[in-house]
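As structure tokens, one chain now follows by itself in the form predicted on its own.
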């Protein structure tokens, strides 16, 4: 079983993110292949902690021939910028949510974000490691992007607010809430009666601080890593959507890497993904205490009332039509019938 990284260990481990060039040379030759990896979350997030460890292991197991350089926290630009760079070859690797900007290129990739579709992690991983995930990887590949086998965990999302707790759908009526740049997120919160605004993640803290928006929605690990608890008061455990990151690679750059190095890197990165999943699940559960101690007031909700609201608003009917029967059928094969 992979070792679980404690929250105290995140800061120390994250200190190594992005500092490869400053370390003394360990190999007798420069790397033959150097790939940049862009992510949109802080260096202390488990995603970057595990990517940093994987990068060290890839370099070691390839005797320095293959080097991965990690750039967290939107250092290489917003998500849309990084996707554009990935497609043009300016960026070799990018971890992005299928529900986020990737869905602007591959609409079916956003199906993993259907509101209140997954009730727990077992049903989620059954879908994403099974037929639905295989189908989505095929769609990404057909768009000319290499995608690794395992999708990294961002966790189930909750709603935070500076105004009031969200206990039932009516509490969202007219609420100015930040959502990622994604049609799925906009559709979900409009159907729930809110007034969603799409902003890139790099803008979230300042938008909350200046009251451009009253609330936002993210998993606990991101709320902690980005210190959103400093500008929010309430945290409502809606678990309304799951979100994760596909490991995307520029096809031309990957094609220049020898097969044996590809296999080594893919094996290490997929194993790191599985360790990250475990850490995120454990940390998200434990962070409720930490975030409460930081001042957030938590409340649980009855998901059934929110699902009923979405059904009445035609949310599921609309997205079934958009995705088509084949894609929607793969989702319902795991989660059951969605109205």
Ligand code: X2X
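As the structure is a computational prediction, the values presented were derived from the model and not from experiment. Residue numbers count along the first chain shown, from 1.
Although it is not shown, the form predicted together with this ligand is what the next lines describe.
Partner proximity in the model of the complex, defined as non-hydrogen atoms within 4.5 angstroms of this ligand, places exactly one of 260-268, 124-132, 80-88, 179-187 at the interface: 179-187. Proximity to this ligand in the model of the complex, defined as a heavy atom within 4.5 Å, singles out one entry of 116, 229, 156, 245, which is 245. Of the candidates 218, 250, 108, 236, 218 is the one whose heavy atoms come within 4.5 Å of this ligand in the model of the complex; the others do not. Looking at residue 48, you'd find every heavy atom of it more than 4.5 angstroms from this ligand in the model of the complex. Although the partner is absent here, residue 100 is a contact residue: one of its heavy atoms lies within 4.5 angstroms of this ligand in the model of the complex. Using a 4.5 angstroms limit between non-hydrogen atoms, residue 41 touches this ligand in the model of the complex. Not displayed here, this ligand is approached by residue 222 to within 4.5 Å at the level of heavy atoms in the model of the complex.
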